[in-house]
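The data below hold one chain only, encoded as structure tokens and taken in the form predicted alone.
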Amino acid sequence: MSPRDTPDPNVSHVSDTALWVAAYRAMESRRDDALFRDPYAERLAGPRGAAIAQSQEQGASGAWSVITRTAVLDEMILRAIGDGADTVLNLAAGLDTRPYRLPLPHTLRWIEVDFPDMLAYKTDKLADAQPRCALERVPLDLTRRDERRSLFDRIDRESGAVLVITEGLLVYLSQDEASALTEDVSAPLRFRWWIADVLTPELLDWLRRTAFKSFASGEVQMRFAPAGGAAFFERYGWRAGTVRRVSVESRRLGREMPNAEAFRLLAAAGSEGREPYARFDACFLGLERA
């Protein structure tokens, strides 16, 4: 489904979440102390992205986790490139603008994969922008497994060392879909790094019951939160070289959620019979070949 330039706040397709995330990046970019500057976020989000962001129960306060994720993944991506990644494969790239705003080597190859309508919308909105590296866009429905595998095989043949990014993707997959994608990402030998974000099962359950009820029903659902986090990927030959917790990183960056101090006190005081507050977190995983 193609993004629409209308102020409709309803999330009816997973691609709508890209507009929502872009609206939060635009919000951060307007701050005097912004953690990053995305000069394209506002035009990409459009009135629809702003409307979706405003419609969520948490409103502007819900931006903290998206902003933290963006800033931390910026750091992790640049580190992997510094370690030798010559190709970046961004799956479900959405409206990400890192090829335009990060200090990237011009020799780097960056490949974005997403729905055809999403990439067409993005290409139109960024027609006057110049990427800082060699940028390729591949229109593909990632649920088409044969086509996905064919793409992965091609990139493996053409690359030296590949970094895979699945920012904001896995949570919308079923267990079987996440397992199949992990199997396919694990097959190419030159796919050496993988940056993924995962929720704990407790956090996913809480989000579905409270903050993001709209993502517990309908076509767009948050579904995947592997117990044990990185342990899920270890079965496929990956190890977590880096595990960065959202709660810790948001504090480091000065973008903590509202009432974060009270949340920490509850976590520290957790005991028998209480909710396991300390488990209500998400992680950014820097996975490497084991």
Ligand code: SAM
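Note that this is a predicted model, so its numbers are computed, not measured. The first residue of the shown sequence is 1; numbering continues from there.
There is also a form predicted together with the ligand; it is not shown, and the following applies to it.
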### Query
Counting only non-hydrogen atoms and a 4.5 angstroms cut-off, does F191 reach the ligand in the model of the complex?
no
### in the model of the complex, P99 touching the ligand (heavy atom, 4.5 Å)
no
### Query
So in the model of the complex, does R255 come within 4.5 Å of the ligand, heavy atom to heavy atom?
no
### Query
Should Y172 be counted as a contact of the ligand in the model of the complex, where contact means heavy atoms within 4.5 Å?
yes
### Message
T17, R25 and L140 - do all three of these have some heavy atom no more than 4.5 Å from the ligand in the model of the complex?
### Response
yes
### Message
I need the one stretch from 152-160, 199-207, 128-136, 110-118 whose residues put non-hydrogen atoms within 4.5 angstroms of the ligand in the model of the complex.
### Response
110-118
### Message
Under a 4.5 angstroms heavy atom criterion, identify the one residue in I77, A85, A178, A92 near the ligand in the model of the complex.
### Response
A92
